[in-house]
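Just the one chain here, laid out as structure tokens, in the form predicted alone.
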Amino acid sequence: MEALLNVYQQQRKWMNAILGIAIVTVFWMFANWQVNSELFFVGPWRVVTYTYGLFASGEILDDLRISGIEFFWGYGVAAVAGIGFGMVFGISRIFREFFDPWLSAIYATPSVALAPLIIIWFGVDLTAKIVIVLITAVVPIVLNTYTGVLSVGKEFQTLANSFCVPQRQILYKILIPGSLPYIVTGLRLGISRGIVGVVVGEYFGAYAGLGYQLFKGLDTFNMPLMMSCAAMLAGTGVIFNQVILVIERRMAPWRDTQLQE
């Protein structure tokens, strides 16, 4: 028994993840057994086989490429701009007081409400989808970054100023490391909202993409296609979140990131 407990302590993360997946799979299979109609619900094995068929035939590859371009460009710009503006928000009180109401307004506005306007302004090509992803992903990054800057103890900045430390060194040695946990949280939230932005953008006037295929499956009662695309979108979010955590471990090895997992 003690040996099993030692193994569990050493591999607790992976064992808990596997147990969670197993529990969800059991409930998923039970729900599929209760519904018993592929028009309304499909089980996990059907989703796996259908997804394999999409990749084997190459049918889904172009959709993955288009959705990937939309997400990486939109999220990449959102990450850079969000961290930059968040730092400015945290440092400059005047800037924060002037733009904070507008930031809150954008955050409170559903992306579905903004998407038609963006489609009208930028057309139905990739540019509009990238802008939608950018707008949906950038706000939580900005909010968390400037919250992190404000959370850094004023005593550290006062001590640095008393020793005439240059402002650039204060930024790179105090503010950014101190606010890094908040930045990582913002980046993780931005991933989820960015994926939602991809789906919303492809709902309006798209010709390909995972979101387009998802709604195509919904319109044609092709439940395996719909749930396969939903599973791929969810899996993408999980993978990218883990990548962000790995980057945090490399950038801030002094932090115990186990608490965030």
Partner chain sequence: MSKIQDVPLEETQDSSFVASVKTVYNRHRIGINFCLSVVLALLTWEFIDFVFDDPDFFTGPVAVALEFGVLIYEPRFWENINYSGTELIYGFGLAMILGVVIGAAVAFSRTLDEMFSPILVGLYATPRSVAAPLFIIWLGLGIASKVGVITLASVFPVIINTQAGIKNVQGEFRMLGRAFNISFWAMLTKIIVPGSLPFLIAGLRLGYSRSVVTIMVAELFGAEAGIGYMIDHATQTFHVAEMMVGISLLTIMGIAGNEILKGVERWATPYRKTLV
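Keep in mind the model is a prediction, meaning the values are calculated, not measured. Numbering follows the first chain given and starts at 1. In this text, the rigid core denotes the largest set of C-alpha atoms whose superposition between the two forms falls within 1.5 Å.
The discussion below concerns the form predicted together with its partner chain, not included here.
J.: Flag this candidate site as yes only if 44, 83 and 207 all have a heavy atom within 4.5 Å of its partner chain in the predicted complex; otherwise mark no.
T.: Negative, none of the three is within 4.5 Å.
J.: Just to confirm, residue 218 within 4.5 Å of its partner chain in the predicted complex by heavy atoms?
T.: Looking in the predicted complex, residue contacts with its partner chain include residue 218, since a heavy atom lies within 4.5 Å.
J.: Taking 4.5 angstroms as the cut-off for heavy atoms, does residue 192 touch its partner chain in the predicted complex?
T.: Because a heavy atom of residue 192 falls inside 4.5 Å of its partner chain in the predicted complex, the answer is yes.
J.: Answer with yes or no whether residue 24 is in contact with its partner chain in the predicted complex, where contact means some heavy atom within 4.5 Å.
T.: Output for residue 24 is yes: heavy atoms within 4.5 Å of its partner chain.
J.: Test of understanding: in the predicted complex, would residue 234 fall inside 4.5 Å of its partner chain by heavy atoms?
T.: Because a heavy atom of residue 234 falls inside 4.5 Å of its partner chain in the predicted complex, the answer is yes.
J.: Heavy atom within 4.5 Å of its partner chain in the predicted complex: which residues of 217 to 248 qualify?
T.: Residues within 4.5 Å: 218, 221, 223, 226, 227, 230, 233, 234, 237, 238, 241.
J.: If we fit on the core, is the Cα of residue 72 displaced 2 Å or more between this form and the one not shown?
T.: No, because once the rigid core is superposed, the C-alpha of residue 72 moves less than 2 Å between this form and the one not shown.
J.: Look at residue 122 and decide if its Cα position differs by 2 Å or more between this form and the one not shown after superposing on the rigid core.
T.: Shift at residue 122: below 2 Å after core fit.
J.: Rigid core fitted, is the C-alpha displacement of residue 107 between this form and the one not shown 2 Å or more?
T.: Result for residue 107: yes, a 2 Å-plus shift.
J.: Closer or farther: the C-alpha atoms of residue 111 and residue 203 in the predicted complex, versus the form shown, with a change of 3 angstroms or more?
T.: More distant in the predicted complex, by 3 Å or more.
J.: Work out the direction of the Cα-Cα change for residue 191 and residue 112 in the predicted complex: closer or farther than in this form? It's 3 angstroms or more.
T.: Relative to the shown form, the pair is closer.
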